[in-house]
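Just one chain is shown here, as structure tokens, and it is the form predicted on its own.
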């Protein structure tokens, strides 16, 4: 018997499910699947995560095309581009397309992603005002960066996409201002003391305006200036990078439950909920999904490609009849901004306080390698522990090397319930060209406990 699988959305989440289902096709016990993927965009598999670095000139935007639609079609997939789903009928098991066609399914995967948040201010519809959420966005911004008349840029939001784009603008010789309503950069992943180090690194390239609000974008047809509180600044290009929101309109219209974070509610098998029931044949994953935080145990979003990949494994396994579940989420995050590697996992101090979690925290600065080694780099670490149990519940790192590896290690440590004592008493490898004898994490853990 052939099972019809329809995947709505062709971003990282939808493509991950598709590729994992393709990998399982050759298994002896694999059920025969007829797979259709539907996406509004016209490209195949495009890496959105690489756009800021393309803007910085490290490669061309076209290099982010990982696979063309024909790659999947050659493997028997009905890969439809330029196709939008306008309605889901859960009772009769079909999706309605903008072409007027109804497409039936046995299993449905909702991977509708996210859309940029556009602040409710005047002038966001002017020419020269952009977001950075699609390939088309990237191409428009790239063209504007190369335009001779582009001399002043304003970025709304100091998250990592905004800061990576700001670096790209600055590298082009464009006067760049970043406006952030909170008092420091990267407020979703860093505490103020650690974020200040990022600001210090970027101050030579970018003008920051913290604790301030954009009131309006001004211009006749093309943006010419930005009103920040009561001051007006020139702007030939404005990038709105104020975060994204789950794209759940399609799911909501079908009666699927939406959680308090704004994402789709699912059970551990990632099956969606309608009324009081979880539907056995409808899944959701990726940016449109609500997850449960592994530290606070409260719902939130985790709009990362790495999160979507794990969720895709759960969805693909369940479609193939292999029972699989998705647990609480830690969202390990890394970003490179102007040569700085920045990493975070677990909760930050503000989140811990919001949920009443008592903290002990410690920060340390050391070298990544022995102090006599010529290529050593400074590394800053901040560790957060639950005060009573001294279990690790959060970590923030900044250096020019080894941050991603350490964040992955600390993610496992949080899941394992590692304590401060476990960190300072554990055995570690040592070679002066690679490490210090006593690591920065040991110092941070000792300081958290005042030892």
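Positions refer to the first chain, counted from 1. Please read all numbers here as calculations on a predicted model, not as lab measurements.
The form predicted in complex with a further copy of the same chain exists for this protein as well; it is not shown, and the discussion that follows is about that form.
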property: Single option in 124, 281, 317, 134 placed near a further copy of the same chain in the model of the complex, where near means a heavy atom within 4.5 Å; result: 317
property: Partner-contacting position among 310, 257, 145, 269 - heavy atom within 4.5 Å of a further copy of the same chain in the model of the complex; result: 310
property: Contact of residue 120 with a further copy of the same chain in the model of the complex (heavy atom, 4.5 Å); result: no
property: Contact of residue 42 with a further copy of the same chain in the model of the complex (heavy atom, 4.5 Å); result: no
property: Residue 387: touches a further copy of the same chain in the model of the complex, heavy atom cutoff 4.5 angstroms; result: no
property: Contact of residue 329 with a further copy of the same chain in the model of the complex (heavy atom, 4.5 Å); result: yes
property: Proximity to a further copy of the same chain in the model of the complex (heavy atom, within 4.5 Å), stretch among 73 to 81, 227 to 235, 357 to 365, 330 to 338; result: 330 to 338
property: Contact at 25, 351 and 394 by a further copy of the same chain in the model of the complex, all three, heavy atom at most 4.5 Å; result: no
property: Contacts with a further copy of the same chain in the model of the complex, stretch 427 to 448 (heavy atom within 4.5 Å); result: 427, 428, 429, 430, 431, 432, 433, 434, 435, 437, 438, 442, 446
